[in-house]
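Given next, in structure tokens, is a single chain: the form predicted alone.
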Amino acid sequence: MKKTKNTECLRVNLKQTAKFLKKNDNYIILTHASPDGDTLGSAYALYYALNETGKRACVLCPDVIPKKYDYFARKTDHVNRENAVVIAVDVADERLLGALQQEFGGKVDLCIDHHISNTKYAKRLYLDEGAAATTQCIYELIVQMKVNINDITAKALYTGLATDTGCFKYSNVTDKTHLIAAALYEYNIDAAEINRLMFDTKSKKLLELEKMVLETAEYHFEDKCIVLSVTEEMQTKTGCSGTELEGIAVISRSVEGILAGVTIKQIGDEEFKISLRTYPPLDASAICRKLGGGGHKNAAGASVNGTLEQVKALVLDAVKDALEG
């Protein structure tokens, strides 16, 4: 899909966003493809909050939502799409809407996000680049709207905070992040169980796939960069694909001495998804922008077409430029 550029994107603040949400009654909330805890936590927390105020809303995800999120991701209302306000959460670029882009491309009324690489594709944008997760923005929005937070809303919010911060260990964590997490502990969220599901549980087939991925490891630039590959053949052999591969990119950041951890995942005949994890002084978002993607300073991604070797060469060239610069 081609990128849709919106030259009339209006930046709105927290108060203006709350007022906008109170003004309308029917909402469609969109997540990004290959959903993670932050996009799903943001979508469902906003959905439950809108329900609390008597609004109708539904959550649409372009991919199947993994079962591990069943404790807060429930079936939502049916909303008439003709008169609904469309909101995208944690979606930095409308191309990330995947299968939903064809229907909603150029039709997003409000985007709520925390990615510095946001392409301003929506009619309105509430962007807090300093927030550790989009769920942090959603929490502040719910408070601003004076909406009651119940247990299931709190579970969704905590999930997004925990997953986008690596269980509160990444550099994006601030005092505000901890204060919000502490406030969520007042509800029946069972944080220990959420953390177990998100960080300490994996299937046998994912373990087998990780073993194959580790065997592809290549080191470059005096061992400052590691490249891991996930081919279509590996996914077919193990039966592990799609959202199940969400945590593979984390492996690359755990190797001692690495400044750039690259994971190349095949998603089509000659289409690959790049996940980049970096440590200072490298900027993952700046590197991925050269590849047509974006993200955060220490975690970013892009989609690149070509053979595996061609894609690998493009990524390594971008990393090399960053290391030399």
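Every value quoted in this text rests on a predicted model; they were computed, and no experiment measured them. So that there is no doubt, residue numbering starts at 1 and follows the sequence shown. Each form is matched to the other, and the largest set of C-alpha atoms that superpose within 1.5 Å is called the rigid core.
There is another form of this protein, the form predicted together with a further copy of the same chain, and it is not shown here; the text below is about that form.
Trainee: What stretch, of 105 to 113, 201 to 209, 73 to 81, 128 to 136, brings heavy atoms to within 4.5 Å of a further copy of the same chain in the predicted bound form?
Mentor: Among the candidates, contact is made by 201 to 209.
Trainee: Which listed residue (S229, N195, S117, S241) meets the criterion of a heavy atom within 4.5 Å of a further copy of the same chain in the predicted bound form?
Mentor: If I apply the 4.5 Å criterion carefully, the residue I get is N195.
Trainee: Looking at I152, L245, V86, I251, which has any heavy atom no more than 4.5 Å from a further copy of the same chain in the predicted bound form?
Mentor: Selected residue: I251.
Trainee: Decide if the three candidate residues Y69, V143 and E271 all line a further copy of the same chain in the predicted bound form, where lining means a heavy atom within 4.5 Å.
Mentor: Not a single residue of the candidate spot has a heavy atom within 4.5 Å of a further copy of the same chain in the predicted bound form.
Trainee: Taking heavy atoms only, is Y158 within 4.5 angstroms of a further copy of the same chain in the predicted bound form?
Mentor: Flag for Y158 set to yes.
Trainee: Is V255 a contact residue for a further copy of the same chain in the predicted bound form, using a 4.5 Å heavy atom cut-off?
Mentor: Looking in the predicted bound form, residue contacts with a further copy of the same chain include V255, since a heavy atom lies within 4.5 Å.
Trainee: Is C167 close enough to a further copy of the same chain in the predicted bound form to count, meaning some heavy atom within 4.5 Å?
Mentor: Judged by the heavy-atom cut-off of 4.5 Å, C167 is in contact with a further copy of the same chain in the predicted bound form.
Trainee: Verify the contact flag for V173: yes if a non-hydrogen atom of it lies within 4.5 Å of a non-hydrogen atom of a further copy of the same chain in the predicted bound form, no if not.
Mentor: Yes.
Trainee: Is any part of 274 to 290 within 4.5 angstroms of a further copy of the same chain in the predicted bound form by a non-hydrogen atom, and which residues would that be?
Mentor: Counting only heavy atoms within 4.5 Å of a further copy of the same chain in the predicted bound form, the single contacting residue of 274 to 290 is Y279.
Trainee: Superposing on the rigid core, is the CA of T216 displaced by 2 Å or more between the shown form and the other one?
Mentor: T216: C-alpha displaced by 2 Å or more between the shown form and the other one.
Trainee: Would you say R277 moves between the shown form and the other one, meaning its CA shifts by 2 Å or more once the core is fitted?
Mentor: R277 C-alpha, core-superposed: shift of 2 Å or more.
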